[in-house]
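Only one chain is given next, in structure tokens, and it is the form predicted alone.
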């Protein structure tokens, strides 16, 4: 009962914390290894338990090849989502052979009629990341320059 309550509380804390600079995004608690002796806080009456646990995290690194889904198309590039990361930017300068085509549903097209548009899955390489302390999230800059990268 106590172990379940502590696991539920850990997950609630993960949801509000989002991510850390060193570990990335917290996705799931895998094991609860130990629960220490509870200590009562004087002014609030809350009980704090030191907890040792393992969890699954997700963090982008330079050179990673990942897949994401386009959620916004702009004249100078597209924004993608990949797992918990919402702000992944693919500049038009990093999309070799793709040209912007304006319209009601703007797209990037290449000579082989391959399309990059909203809701398209794309394989990309990470060329840089940035940690935003206030938002507690990462931003990434990605590219399609390389073998087997682009729309899937």
Partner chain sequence: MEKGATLKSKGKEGSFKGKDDSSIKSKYGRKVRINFEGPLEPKTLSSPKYGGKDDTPFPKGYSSKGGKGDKIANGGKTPAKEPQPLELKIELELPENVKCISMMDCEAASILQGIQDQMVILSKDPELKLPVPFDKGLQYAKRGVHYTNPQSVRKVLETLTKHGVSNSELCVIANVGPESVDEVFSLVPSLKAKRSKLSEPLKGVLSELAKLKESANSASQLEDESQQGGKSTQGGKFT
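What you are looking at is a predicted structure, and each value in this text was computed from that prediction instead of being measured. By rigid core we mean the largest C-alpha set that fits within 1.5 Å across both forms. Numbering follows the first chain given and starts at 1.
Just so it is clear, the following notes concern the form predicted together with its partner chain, a form of the same protein that is not shown.
At a distance threshold of 4.5 angstroms between non-hydrogen atoms, residue 117 is out of contact with its partner chain in the predicted bound form. Taking the partner from the other structure, its partner chain in the predicted bound form has a heavy atom within 4.5 Å of a heavy atom of residue 28.
In the predicted bound form, none of the heavy atoms of residue 96 sits within 4.5 Å of a heavy atom of its partner chain. Although the partner is absent here, residue 100 lies well away from its partner chain in the predicted bound form, with no heavy atom inside 4.5 Å.
Residues 123, 125, 126, 127, 128, 129, 130, 133, 136 of 118-137 are found to place at least one heavy atom within 4.5 Å of its partner chain in the predicted bound form. Annotation for residue 35: C-alpha shift of 2 angstroms or more between this form and the one not shown, rigid core superposed.
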